[in-house]
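First, one chain by itself: the form predicted on its own, in C-alpha cells.
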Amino acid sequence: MTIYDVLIVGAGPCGLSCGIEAKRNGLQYAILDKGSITESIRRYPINMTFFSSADMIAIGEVPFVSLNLRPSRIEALKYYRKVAEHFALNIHIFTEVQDIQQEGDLFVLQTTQGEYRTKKVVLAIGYYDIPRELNIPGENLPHVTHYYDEPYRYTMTHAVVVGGANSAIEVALDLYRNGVHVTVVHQFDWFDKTAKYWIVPDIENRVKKEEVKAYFNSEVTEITEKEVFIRNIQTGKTDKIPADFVFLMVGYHPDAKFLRRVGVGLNGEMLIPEINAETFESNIPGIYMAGSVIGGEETAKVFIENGKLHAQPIMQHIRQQLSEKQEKVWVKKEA
C-alpha cells in the first residue's frame, strides 16, 4: 500500500492549491474528494457570478481569463479543471473520507474507496455541504431546499425565500425575473450590508415597488405543503404566506461532527478550529487545516482569495518536518 507524505481532503480551490504546492515541494500526495473537482462550485446556482474578480480567485499562478471582471460559475468550473490538468494533479474524486485514525507515525484514512495511509493530512473541506437548519416543522418537506439551481421550474408559482444575504437576494431576483411570485423573509430589519453592492439596489427597488414582497424582523415557525407560517420577532404578530416552494438560503457551516471525531479542537460558539496561525497545523500534530474550514461558523472570514494562501506555508512546514525526521533516521543509522 502506498504511504503518502500528505493527503489533502477536499478538491476545492484551496485543496487544489495545496496539491500544487505539495507537488512543487516534491511531496508524494493525493487529493481526495467525495464529489467532483470543485464540487461546491458545481452546486452553485447555474447563473451565479462571483463576488471576486478573476485574478483574485486564480490559483497556482495560472492566469484566469474571464469575459467580465467577475467570472461566472461556468468559467470557474472550466478554469479549475484546466488548472488541475495543467499540473497533472493526483486527484481521487468520489472518494469520501469517513474517518481518520492514527496508527503510530501514520494516519489511516477510511474512505468509500478503501484505506489510505499517510504521514500528514490537510483538511480543506470547506463548509458548503452542511446547511444551517431552522429546526422547525416542515423543514424537510420535498418542496423545501437549502440549494438553488435555476428559476425555470418555478415560473407561475409562489416561492418563499428565507434569508437576506447574497444567496437569498440573488435567488429572489432570479425567481422574480422569471415569472415567480416571490416573498422574502428575513430575521433582521433589512438586507445584509455586506451583500454584493451591485445587487442590493436592485432588490431594494423591487421591494419598494412591491414587486417582491418582504417580511423583515421575522422568522419562519412552520412550513406546510402550501404555506409558510412566520412570526414578527419584535411584535409577536403571526402571519402565513402561500408557498409552493421554499428556499432556505440561510447559510452553511463546517462539518463539526467530523472534525470532533477526528480530534480537532473547536473553540467557542463559533467553533473555531485550534490551529497554529503560522503553519495552520491543528492541535493534532500532523493534521493541518486549509481554506474556509478554519473560520468555523464565521464563514464570511475566509474565501478563495485568502484561503488559497494557506497552501504554501502548510506544504513548506510539512516538507521541513519530514526532512528533519529523515535526517534523524540517518543520524541514528550512522551511530
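When you see a residue number, it is the position in the sequence shown, counting from 1. Just so we're clear, the structure is a prediction, and the values are computed from it rather than from any experiment.
Keep in mind that the form predicted together with a small molecule is missing from the display, and what follows is about it.
Undergrad: Of F229, Y148, Y128, F216, which one comes within 4.5 Å of the small molecule in the predicted bound form, counting heavy atoms only?
TA: Contact check passes for Y128.
Undergrad: Just one of M48, I275, L27, A30 has a heavy atom within 4.5 Å of the small molecule in the predicted bound form. Which one?
TA: After the contact test, the surviving option is M48.
Undergrad: In terms of non-hydrogen atoms within 4.5 angstroms, which of the given stretches 148-156, 231-239, 176-184, 96-104 touches the small molecule in the predicted bound form?
TA: Contact criterion met by 96-104 only.
Undergrad: Indicate whether E39 is a 4.5 Å heavy atom neighbour of the small molecule in the predicted bound form.
TA: Output for E39 is yes: heavy atoms within 4.5 Å of the small molecule.
Undergrad: Might G19 be said to contact the small molecule in the predicted bound form, defining contact as any heavy atom within 4.5 Å?
TA: No, G19 sits far enough from the small molecule in the predicted bound form that none of its heavy atoms falls within 4.5 Å.
Undergrad: Determine whether any heavy atom of G295 comes within 4.5 Å of a heavy atom of the small molecule in the predicted bound form, and answer yes or no.
TA: Taking the distances in the predicted bound form, the answer for G295 is no, it never comes within 4.5 Å of the small molecule.
Undergrad: Taking the small molecule as it sits in the predicted bound form, is A172 near enough to touch it, meaning that at least one heavy atom pair lies within 4.5 angstroms?
TA: Judged by the heavy-atom cut-off of 4.5 Å, A172 is well away from the small molecule in the predicted bound form.
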